[in-house]
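Next up, structure tokens for two forms of one chain, structure 1 and then structure 2.
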Structure 1
């Protein structure tokens, strides 16, 4: 059993604990004897109960000693808060979710503490208190690297779905402790000055969809998507595409699934005319059921799928749409 104290940087959304932060807390509990959490730019007291339920004993609420510096996201300032919380808690393990902000802030922390950082960790393989070996996703999640962390503070970000969210055995509300953070003006040079609301249907809808209809090079052209979008609409789902489709400009990038696009985990994924390259697979492999439609019975997407239809998507997809409409009457 580890004797470490872990510090988890929370990324709350709309005043509540986000799923990724809940995963990070659960992960931290498995890796450490005691877990503290850190909240920056939000009210720590509203999160104390939920964080406590997931095993945190203390929630540090960061406040800048001057002004409202944490009202807008500033990666270096957030990192300064993490460093202050490490000192206050005596943590020798710091975790954040493997999100853009989690990775960004911990990279800053790594520089400030002069230590290594492991991104997208899925498990702790061993820990003797001084040296810790972790497994982390590399090559877009298709391989794992065992990495040894030997610095006085081990830094890691937790890959999405690395563990199931699990409440602590004896949950209790965490103690809230204010944390004063002295910032250098340089910590605020890079700061969000404005957030422009996105298109209502950007990648958020794709990531949360229960059904995703995928489309790849096999669609043939930007004009070939009518039947694909119809199928997605009939199933109340979203469209996800391969990189070939976005790089040819047939569909916007926020629809891309894969290593450099979105990671999706729908109940059903229906990839049409997608070969199933590992970089695409990295984004869709957590779909519960995969139904591939492809002319090539040997395509990796077909051999990795649960179900497949072999044939031209321009014939198969309209036939499915018609059958769906017919049964609905």
Structure 2
């Protein structure tokens, strides 16, 4: 059992914990004896109950000693807050979500502390107090690398969906502690000066779906998707596609699964007519169960799947749909 105290950098969304921050707290609880959290640029008291439910005993609320420097995101300033929280908490393990912000801030922290950082960690394999061995995703998630962290403070970012969000055994609201952070003017040289709202993230349903029905070039044309969408509807799931499908204009980009699309982790993924190129596998390898439908028994997706049906998707999928409708009356 680890004797470490962990500090988790939180990324609130709309006054509540983001899903990635909740995952990071759960991950930290399994890697440390005590968990503290840090909130920068938001009201820490509004997150105390939620953070406590996930195992944090203390939430540090960072405030600049002068001005409102934390009113907008500035990576170096946030890093200064993390360093101050490490000193206040005595943490020897610092975690953040493996998001662009989490990776950027912890990279700054690594430079300030002169220690190594492991990005996109999925598991802690060992910890003797002096060193920590972790497994992290590399090559777009297609391989795992084992890394040993031997510095006085271990820094890591947690890969998305590396663990399931679980409440603590004895949840209780975390204690809120104000944290004064002295900033250097240079900490604010790079900062957000304007935020422009973009289009809504249409990929949200795909990323959160428990069942995803995938489709690739094997569908044949834009007109061949009805049976795919019917199966997704019957299973209460979402449609995901390979890059070639969006490149051909058969389906919109927000449905793309892969290294340049969405990364998904459904309970069930059913790739139909998808060969399973490494770029696509990077987006779906976290699925708990994969059932591939393909005419090629040697296709990478088939060989990596938990189950496979070797056959024409235009025959197999309609048969599945018909059976589902029959069973449901």
Ligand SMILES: Cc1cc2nc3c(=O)[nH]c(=O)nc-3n(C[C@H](O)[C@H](O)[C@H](O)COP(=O)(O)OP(=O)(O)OC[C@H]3O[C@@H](n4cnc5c(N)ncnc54)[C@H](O)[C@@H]3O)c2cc1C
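Between two forms, the rigid core is defined as the largest C-alpha subset superposing within 1.5 Å. Nothing here was measured: the structure is a model prediction, and the numbers come from that model. Residue numbers count along the first chain shown, from 1.
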Pick one: which is the form predicted in complex with this ligand? 1
Comparing between structure 1 and structure 2 on the rigid core, is the C-alpha shift at residue 247 2 Å or larger? yes
For residue 9, is the CA shift between structure 1 and structure 2 at least 2 Å following rigid-core superposition? no
So, superposing on the core, is the move of residue 270 at the CA at least 2 angstroms between structure 1 and structure 2? yes
Shift in angstrom of the residue 260 C-alpha between structure 1 and structure 2, rigid core held fixed, comes out at 3.8
I need the CA movement of residue 295 between structure 1 and structure 2 once the rigid core is aligned, reported in Å. 8.8
Using a rigid core superposition, the C-alpha offset of residue 215 between structure 1 and structure 2 in Å is 7.8
